[in-house]
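Below are two forms of the same protein chain, given as structure tokens: structure 1, then structure 2.
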Structure 1
């Protein structure tokens, strides 16, 4: 089964993806992790990627797809994968479709974890981290122990989060429209406990 996870920053995609890995026995493929690993590998493809990354530029779609093709050819991904953070554009969605077709596969489901903007703002702007240990807390859900000095990261401010949400919506709406036409999009309520959201995703996937 090949699944794409969508959702705004702070929706819990990473956490839910890890749970699906255990449930379905297929790997999570995160664009960022995949790119960094390939760049560190020293392969010709990795060296080309590194040139873009060192300049702070996004790799072109053609190169991104090459990296995905190599990853999907590995043994653990032959039965399917969970795509996290990809595709981000309609062009990438079309390229992924062509790649999967070469492998005799297709995107089975696009799971959208819906969380209201107000909830996302609360989740992210409430994060605090301990500079000494890197431990992340939340002022409401997981407050730091007494005496622990914590700080708010620059990318967790309301202004930055609002910009990230706007970017997400601008990028994903065309991609979701592409998959909507194929009838593979399912939406789940992302508000609630981790277990509740996991159960909703399982029901949406029929597993």
Structure 2
């Protein structure tokens, strides 16, 4: 099964993707995580990607598709994957379709996690993660257990969030029309407890 988790920054894509990994036994492919790992490595590609991420702008399609393709080709993604934060442009959606077609696969469902703008800022500025495990927390809604040292993403500031949200509306939301035509879009309400949202996604996927 190949599933896209779609929605604005802070919708809960990463959080829910990790839960679906357990449930469906297929990996999460997050282009944001892949780009942050590349940036951390200090490579020239990573330095370039970091410049886009710091500004809250999309990385160029060519670089993004290159990073994504390398991950999709790994052994654990042979039976399907959960795409988190990819595709974010129509060109990326077309590239995904071509890459999956080569493997005899296609996007089975696009799950849109709906969260109003008014919720986004608080979710993102309160986001923290454990660098050791990659687990994502929220200072209020999903606090880290005592003793776990968490960090904040550099692009999770109020200023950058506003730009990321504008970028989502201008460049990413229009990608939904591409999938609407294919009849694979399902929408779930992303407001509620983490468990409630997981249950809604499971129901939407029929799993």
Ligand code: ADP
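In this text the structure is predicted, and so the values were computed from the model without any measurement. Residue numbers count along the first chain shown, from 1. We call the rigid core the largest set of C-alpha positions that still match within 1.5 Å between the two forms.
Novice: Tell me which of the two structures is the form predicted alone, please.
Specialist: The chain shown as structure 1 is the form predicted alone.
Novice: How about residue 67 - superposed on the rigid core, does its CA move between the two structures by 2 Å or more?
Specialist: Yes, because once the rigid core is superposed, the C-alpha of residue 67 moves 2 Å or more between the two structures.
Novice: Superposing on the rigid core, does the Cα of residue 180 end up 2 Å or more away between the two structures?
Specialist: Comparing the forms between the two structures, which are aligned on their rigid core, residue 180 does not shift its C-alpha by 2 Å or more.
Novice: Does superposing the core leave residue 53 with a CA shift of 2 Å or more between the two structures?
Specialist: Yes.
Novice: Enter the rigid core superposed C-alpha shift of residue 157 between the two structures, rounded to one decimal in Å.
Specialist: That residue's C-alpha sits 5.1 Å away in the other form.
Novice: Cα shift of residue 33 between the two structures after core superposition, in Å?
Specialist: Comparing the two forms, residue 33 shifts 2.7 Å at C-alpha.
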